[in-house]
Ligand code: AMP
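Below, in structure tokens: the form predicted alone, a single chain.
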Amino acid sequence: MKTAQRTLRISNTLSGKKEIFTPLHEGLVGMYVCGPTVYNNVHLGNCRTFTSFDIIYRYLLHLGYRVRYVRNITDVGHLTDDGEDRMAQGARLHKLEPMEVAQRYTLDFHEVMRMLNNLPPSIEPRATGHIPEQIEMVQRILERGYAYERNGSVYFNVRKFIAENPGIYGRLSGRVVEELIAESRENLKGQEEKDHPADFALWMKARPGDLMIWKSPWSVGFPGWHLECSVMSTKYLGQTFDIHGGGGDLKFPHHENEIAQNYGACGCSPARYWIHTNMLQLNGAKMSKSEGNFITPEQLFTGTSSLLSKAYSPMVLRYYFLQAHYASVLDMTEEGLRAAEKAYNKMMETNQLLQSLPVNTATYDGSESAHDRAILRHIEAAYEGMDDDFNTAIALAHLNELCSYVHKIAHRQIPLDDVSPWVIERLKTFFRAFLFDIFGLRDERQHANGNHLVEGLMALILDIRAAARAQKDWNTSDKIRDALAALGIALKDGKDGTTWTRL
């Protein structure tokens, strides 16, 4: 599919309007998404955000764009309200080195993303891997007069920036500057030396006990949280790029401060389109560990939460996310998960039924029927839903409408001759593209059936080998063992029989 064939509109948080998407460079898209702070397991709200951007990424690819998708790993500089680095906090709680914490929870994040079938980004930079570049940006901001050094720490001068660049700070979050300054959350413990509470740290001098520290022109210390995204987005995508995304909770202070840093360093805005996802609630309330209203991805997939009566698979969760627009609040309930599970299974069954439909060209006279027109309208409407700010809910609704046509055709309630062969083929291609390429679903039934088949075949092979061994037919026994080893399966003979594992 050529990019010129469709008009994509994006709700741009920066302008507050839905705008036609026009990339800086024709056919190419640069997209940066704020990734996880890897001091703990990924939570379901993160899963929704990253799955939403995976679908955006997939749709851009489907439209024919070449996409450079950059999603960072935050492994330094993200402080708690008490001024402690979250990685150091994780290290203290788990009695590990900070990089052990980062590695453990980065692997956890990757595994959950894999289970949800999210594509890996083109580049996944780490904050700790870009300390020199962060120091360089601080130096540029200082040179341009938008930061000041105080006792080895460097702070961004928010009031000066606002005075010299009216209309920029506060535009993204839609808040008036006075409110942002009054409500700034950046007045952290140990930053009393700032000129104003709204000023935020670009570089912090290390305190006794800080574990993650580097040398800089100002002190031995570490970079501020906001700095890493300004640095890594522009390093890999250029001073100005197409799309910057993240959770809605990042609008302020993180993204407002990112924009200020970029203007402070180069006088330009980093991204032209800003996309923010909304929150995931649980049973009508905000997820909260302290209040017991919380489920981890692992608990959801294994059914070990007291809030659930059973397990729900990763693809059921992904389908659940698809049912709402990324910018709307989504409430998760077990009733909703059950409904999503049923709808997901029906969709997979319908696709299997559709792909098996015969195409009858013998009696096709070249005319277009009313059924043809109805099917094609729903196909186009699904694309229009995705073109309208990646609205998966609209697209999914039209796929469900098409499911009824598939079942009617399969059960001869609509004669096969009443649907043109090329329309059947178009429908098959459309379903495969939307379900698997754009929505990123997998048919878990096929995976389960495949495992069942492998288990059954291996049981049969081991029975045959056991019979050969009982008859002292060592040639056959060894031949089976060696052939399986060549396929990546190892056998282990024991007193209780033979077991097998994948190498």
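The first residue of the sequence shown is number 1, and the count goes up from there. Everything quoted here is computed from the prediction, not taken from an experiment.
Below: the form predicted in complex with the ligand, not depicted.
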Can you tell me whether V29 touches the ligand? I mean in the predicted complex, with a 4.5 angstroms heavy atom cut-off.
no
T51: touches the ligand in the predicted complex, heavy atom cutoff 4.5 angstroms:
no
Could you tell me if N46 has a non-hydrogen atom within 4.5 Å of the ligand in the predicted complex?
yes
Is K286 a contact residue for the ligand in the predicted complex, using a 4.5 Å heavy atom cut-off?
yes
Kindly confirm or deny that G90, E97 and I213 each have some heavy atom within 4.5 angstroms of the ligand in the predicted complex.
no
Would you kindly say which of T350, N391, T106, N278 lies with a heavy atom within 4.5 Å of the ligand in the predicted complex?
N278
Contact assignment for the ligand in the predicted complex, among I379, L116, L250, L180, heavy atom within 4.5 Å:
L250
Where, among 54 to 62, 464 to 472, 434 to 442, 37 to 45, do residues come within 4.5 Å of the ligand in the predicted complex by heavy atom distance?
37 to 45
